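For reference, the chain that follows is the form predicted on its own, supplied as structure tokens.
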Amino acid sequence: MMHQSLNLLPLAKLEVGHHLYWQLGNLKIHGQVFITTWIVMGLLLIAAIAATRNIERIPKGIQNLMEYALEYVRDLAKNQIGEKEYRPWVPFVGTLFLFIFVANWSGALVPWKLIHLPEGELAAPTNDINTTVALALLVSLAYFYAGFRKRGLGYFAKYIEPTPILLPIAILEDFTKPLSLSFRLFGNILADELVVGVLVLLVPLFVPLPVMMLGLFTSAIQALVFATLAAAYIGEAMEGHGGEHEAH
């Protein structure tokens, strides 16, 4: 009897691990992530075009919002990377922040589950480990590039300083950085969507609203944490910025 009643619960609609895949030749594409990722990129592109279409000396509306976001990202990059080196990295850090911010909020505000798919269901792109790992690997490539471009082959001396005995630990640290970035973001977004989904199914609409508001706040914080850590890793990879970064 208990087994039958459990089968009647609508919680089975919360699908974790079921995905829609597209096969293009030998390439297997994650359809859900592909769709929602391009929707998020499209929203950002539309916002950027709208903000720069008729630039005014005194900004207002979407232009004012985008300029505020640019200022915020510029200050973040300056604090973490350093005043002399931060400018080339503002587009990278800003893109990370805006993409993750909009992606996270799309999971909390857009009713993706109303769109039925042959298999699986739509959700925020950052709800999938493939997206967060890809973003973390981009950060890893960025700080390797930053360190090598700034210090040349001398960048790799950090792996054996102050003693070669620390080489395995230094290598392990480079693996844990992208892992911690990806799992932190993925875990928080997935947990938030699951909690809200369960509450919506079990209780009336107005009860989950405070949890949804909290989810919006934590989603924004996750975007900020990811972008801040990305800028911090880039700053650490550059010679002469370790002290500045620690001070912040």
Partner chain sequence: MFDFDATLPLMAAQFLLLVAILNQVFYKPLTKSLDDRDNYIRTNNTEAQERLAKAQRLAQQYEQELANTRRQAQSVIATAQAEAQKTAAQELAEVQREVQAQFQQVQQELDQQKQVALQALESQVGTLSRQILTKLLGTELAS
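This structure is a prediction, so every number in the text was calculated from the model and none was measured. Residue numbers count along the first chain shown, from 1.
Unshown form predicted in complex with the partner chain; subsequent notes refer to it.
**Q** Would Ser140 show up as a contact with the partner chain in the predicted bound form if we use heavy atoms at 4.5 Å?
**A** Flag for Ser140 set to no.
**Q** Can you work out whether Arg149 and the partner chain are in contact in the predicted bound form, taking contact to mean some heavy atom pair no more than 4.5 Å apart?
**A** Contact with the partner chain, no.
**Q** In the predicted bound form, does Tyr155 come within 4.5 Å of the partner chain, counting heavy atoms only?
**A** It does not: once the partner chain is placed as it appears in the predicted bound form, Tyr155 has no heavy atom within 4.5 Å of it.
**Q** Would Glu83 count as touching the partner chain in the predicted bound form under a 4.5 Å heavy atom rule?
**A** Flag for Glu83 set to no.
**Q** Need the contact residues for 83-101: heavy atom within 4.5 Å of the partner chain in the predicted bound form, sequence order, or none if there are none.
**A** Counting only heavy atoms within 4.5 Å of the partner chain in the predicted bound form, the contacting residues of 83-101 are Arg87, Val90, Pro91, Phe92, Gly94, Thr95, Leu96, Leu98, Phe99.
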